[in-house]
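Read the single chain below, which is given as structure tokens and is the form predicted on its own.
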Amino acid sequence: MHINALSDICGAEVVGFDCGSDFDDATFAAIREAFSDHSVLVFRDQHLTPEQHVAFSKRWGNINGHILTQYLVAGYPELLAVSNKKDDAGQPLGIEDAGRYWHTDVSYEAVPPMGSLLYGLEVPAEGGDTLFASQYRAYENIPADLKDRVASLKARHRFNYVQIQASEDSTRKPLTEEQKKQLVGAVHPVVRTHPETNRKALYVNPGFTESLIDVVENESRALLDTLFGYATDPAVIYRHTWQVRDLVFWDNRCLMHHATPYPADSIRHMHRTTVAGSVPV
């Protein structure tokens, strides 16, 4: 097994390791250390069954369900389909336009996931990359006076699915009334401390962060826009170009990500698990 850094921002590839194998605790400890160091791990050339994908994910913790039950892989409630494939009736098998904006996975829940594992079963020949933005770096780049300003602030996060689904070009299935009731949102600190590395990271994102708590609306919007500028600066971004059967594992506690477009006649078919996390502090 070899672990090779992919950039000096974040990201490393793990070569010569089978995520579906019966590996020992020492090997897992080395992978865990690499995850802490690099925030994104790319496991190359994996040939995983759904059961193996789920089993490897469970080595990291409990698996979270997802509110979008209409896009779960049949027979595997732990797996969310991210796909532009259609079934025989022409209905989407997965979320076709998943993540085409800057976001941190499921930050709108009270206990958001620690990480996500996305497995590229079919990938486009061009496009469909994933951008990862280090929120460690973003926080480090903020001026001292702005750090002081946001140190104790909290922000409200909410899933904007209904608005996305209602857009003219969306292929997303509507939510049930029961699902809509679950979209209560959550409040988290603007700056969180990573529970394992103890490093500080920005924890706001354009996709799900709608406002700052106890800050007037105009000032809230302006301050969030300023923070988003640091959060998405090219200097903090690693761009991952997918290879077939990459399993990419990223740390939602210190990263944002953004899926890029791809040609309409290409297939991008992936399965995702999310590993349970802890309350951001």
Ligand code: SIN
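One rule holds for the numbers: they count along the sequence shown, beginning at 1. Everything numeric in this text was worked out from a predicted model, so none of it was measured.
Only in words, not in the display: the form predicted together with succinic acid (SIN), which the text now covers.
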Heavy atom distance at most 4.5 Å to succinic acid (SIN) in the predicted bound form, all of His53, Ala81 and His269: no
Which of 136 to 144, 107 to 115, 92 to 100, 178 to 186 lines the interface with succinic acid (SIN) in the predicted bound form (heavy atom within 4.5 Å): 92 to 100
4.5 Å heavy atom contact, Thr130 to succinic acid (SIN) in the predicted bound form: yes
Succinic acid (SIN) contact in the predicted bound form: Ala259, any heavy atom under 4.5 Å: yes
Partner proximity in the predicted bound form: Phe43 to succinic acid (SIN), non-hydrogen atom cutoff 4.5 Å: no
Partner contact for Trp250 in the predicted bound form: succinic acid (SIN), 4.5 angstroms, heavy atom: yes
